[in-house]
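Presented below, as structure tokens, is a lone chain in the form predicted alone.
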């Protein structure tokens, strides 16, 4: 299943800078690993904001939840999930 996921990140301003940097690096490592696995298919940054819109390709909503809740920055995210399905007017034969 494909899901559009919008993530707005709000790291507290009083979080120790070294801790914040370590979390960001761990997030990058995890995101890149999920991309290599084919689960995190697309990742776009929102210009001028600490936010992104992503497309995940996972088995079901529970798998998506499990992935999102293990992201290092998850405690600092506001997340909106939208399930996606093929549009009947799409000219593509698959969801890629």
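Residue numbers count along the first chain shown, from 1. These numbers were taken from a predicted model, which means no experiment stands behind them.
Below, we refer to the form predicted in complex with a further copy of the same chain, which is not included among the displayed structures.
With the cut-off set at 4.5 Å between non-hydrogen atoms, does residue 46 touch a further copy of the same chain in the predicted complex?
-> Contact with a further copy of the same chain, yes.
Do residue 22 and a further copy of the same chain come within 4.5 Å of each other in the predicted complex, heavy atoms counted?
-> So residue 22 does not count as contacting a further copy of the same chain.
Contact between residue 85 and a further copy of the same chain in the predicted complex at 4.5 Å, heavy atoms?
-> Close contact exists here: in the predicted complex, residue 85 approaches a further copy of the same chain to within 4.5 Å, heavy atoms only.
Quick one: is residue 39 in contact with a further copy of the same chain in the predicted complex, heavy atoms, 4.5 Å cut-off?
-> Taking the distances in the predicted complex, the answer for residue 39 is no, it never comes within 4.5 Å of a further copy of the same chain.
Heavy atom contacts to a further copy of the same chain in the predicted complex at 4.5 Å, residues of 69-84 in sequence order = Heavy-atom contacts within 4.5 Å come from 74, 76, 78, 79, 81, 82, 83, 84.
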